[in-house]
Ligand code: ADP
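Just one chain is shown here, as structure tokens, and it is the form predicted alone.
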Amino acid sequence: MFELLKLTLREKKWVTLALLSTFGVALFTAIMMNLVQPVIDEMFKANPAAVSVSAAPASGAAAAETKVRVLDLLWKLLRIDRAGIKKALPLVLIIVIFGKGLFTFFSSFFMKAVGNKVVKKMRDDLYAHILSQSSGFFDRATTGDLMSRLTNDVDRIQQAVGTAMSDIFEESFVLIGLLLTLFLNDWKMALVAFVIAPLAVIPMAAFSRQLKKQGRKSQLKMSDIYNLIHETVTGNRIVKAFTMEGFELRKFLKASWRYYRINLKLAWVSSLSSPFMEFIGGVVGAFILVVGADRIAKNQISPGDFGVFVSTIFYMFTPIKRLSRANNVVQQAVACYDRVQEVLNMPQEIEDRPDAYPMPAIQGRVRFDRVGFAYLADRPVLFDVDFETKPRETVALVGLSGAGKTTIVNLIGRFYEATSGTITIDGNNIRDVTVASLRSQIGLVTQEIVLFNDTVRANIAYGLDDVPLERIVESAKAAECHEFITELPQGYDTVIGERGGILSVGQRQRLALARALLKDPPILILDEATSALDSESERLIQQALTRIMKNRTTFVVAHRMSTIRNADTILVIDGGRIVESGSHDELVRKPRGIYRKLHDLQFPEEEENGR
């Protein structure tokens, strides 16, 4: 609750305007309640001052006089004499109702503006924080959970700040105004009314705890639903290929049922709080009726005074019920706020050091000095990796799946942080330079093709502003994709769909390669970049890559031996260690070497000829 309040109060300008408007609502509400007294007394032809002064003791007379002065202040402000009150009452009532409605509008608008501004900043900060996390963070987090926090959780917070907080501020001021009306009207009956009211505090605290607890469970179950939706939508081909629609539907129905059960508990608790508060108000009202009837019978108050008191008591039911509902929304939002803060408070695993400097233009000399790495602290995957590349050299990494090839190239761009050892580029420790300047000089093409629901042109020029079409076409030609692009309906302006859905797998991979080439980086990393290509496309791209690799340091991770034969250096990785290194000719001559075994498995005919 206090966290959301502090969040709201950050927008001082809007909150101040909202509070001033809320004060206006409370003022006009209190005036409207006080107008009940002259209306009723006019109906009964009673003189409240005379009744009170003649029948009441000295203290009662003082109260009556104070009350009359409050009403007289209104008439003096409006320049209405006592004889004209009867005629002026309808017009005054209309003015008061209009004023209350006008200030209610401003109060609601200003608080909704606060809610939108606060939540926009929170969503922006949350998204920026998620984007800045390391690849390890995304390995552990689920897409559905992150989506739930960015959308559903933040929306609940917006409802709380923009609507519930507005109700809390407004109805609190209204209640204060109504309380002042009660005590100014008859402080003795006001004290009687509030003997029972504090009894509502204990159950309200219990309601709040349950709402917060169940609200957090509700958001967790919603995360499960988001995750299932994401998995089945992105993996729809696998679902269909294995005819698992029924299986996935049953999983979804179970998750939906769990979410429904939690929300049913939430509904039970939240629905109980309002009638409970109304019951407390009813008990108070019953006491007031008994006490008030006795005071009227003894001529201690006029019917108009009693009418003001009773109407004020029952009018208080509305703000109390709204406060109860607002509390329900706020408690659920507090659980959402805690979930958002969990992500925002997560430290960034990879960030710039305070004294980090921009990476200068590099030649591409990369050195690994006894580098180790572990995805989990007790399960290292790289051990004392030690090698150095020359500028504009092509280095291939080969080995069985899981040997650590992709992990090594991921460390170059600091997608993960090495747990030991040092990595330098042209003598610059990559931990000493800014991450952005490091990655700006590295091009990456992975086996997992990532394209966006945008035009071909925007995908190739991703992250680069105002790139001439000529350069985009040049990169496309180098990646052997210009021809199929020109055959698309709108050519380079064709929207390719989510993840490049209208393209074949090979076309997507060539498009990803064109994107990396347009960046023209000094270091190029190809992680199984040609694995999805047919033999003809691979041959064409290999010809293009042969020209491109001459001017940059290139790391090639590949299973196909045909793609790495011409590499200057081949590093053979096994069990997280470099076990062999050399050129293709050098390694293939080692009869018991791992490279020779891998080569013979792919080219058995060469093995036979060698014999």
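The first residue of the sequence shown is number 1, and the count goes up from there. None of the values given here were measured: they were computed from a predicted structure.
Form predicted together with the ligand: not shown, discussed below.
Student: Choose one stretch from 466-474, 438-446, 515-523, 399-407: the one whose residues place a heavy atom within 4.5 angstroms of the ligand in the predicted complex.
Tutor: The contacting stretch is 399-407.
Student: For a quick test of understanding: in the predicted complex, does each of D139, V381 and Y416 have a heavy atom within 4.5 Å of the ligand?
Tutor: Checking in the predicted complex: D139, V381 and Y416 are all within 4.5 Å of the ligand.
Student: Counting only non-hydrogen atoms and a 4.5 angstroms cut-off, does Y375 reach the ligand in the predicted complex?
Tutor: Heavy-atom contact with the ligand at 4.5 Å: present for Y375.
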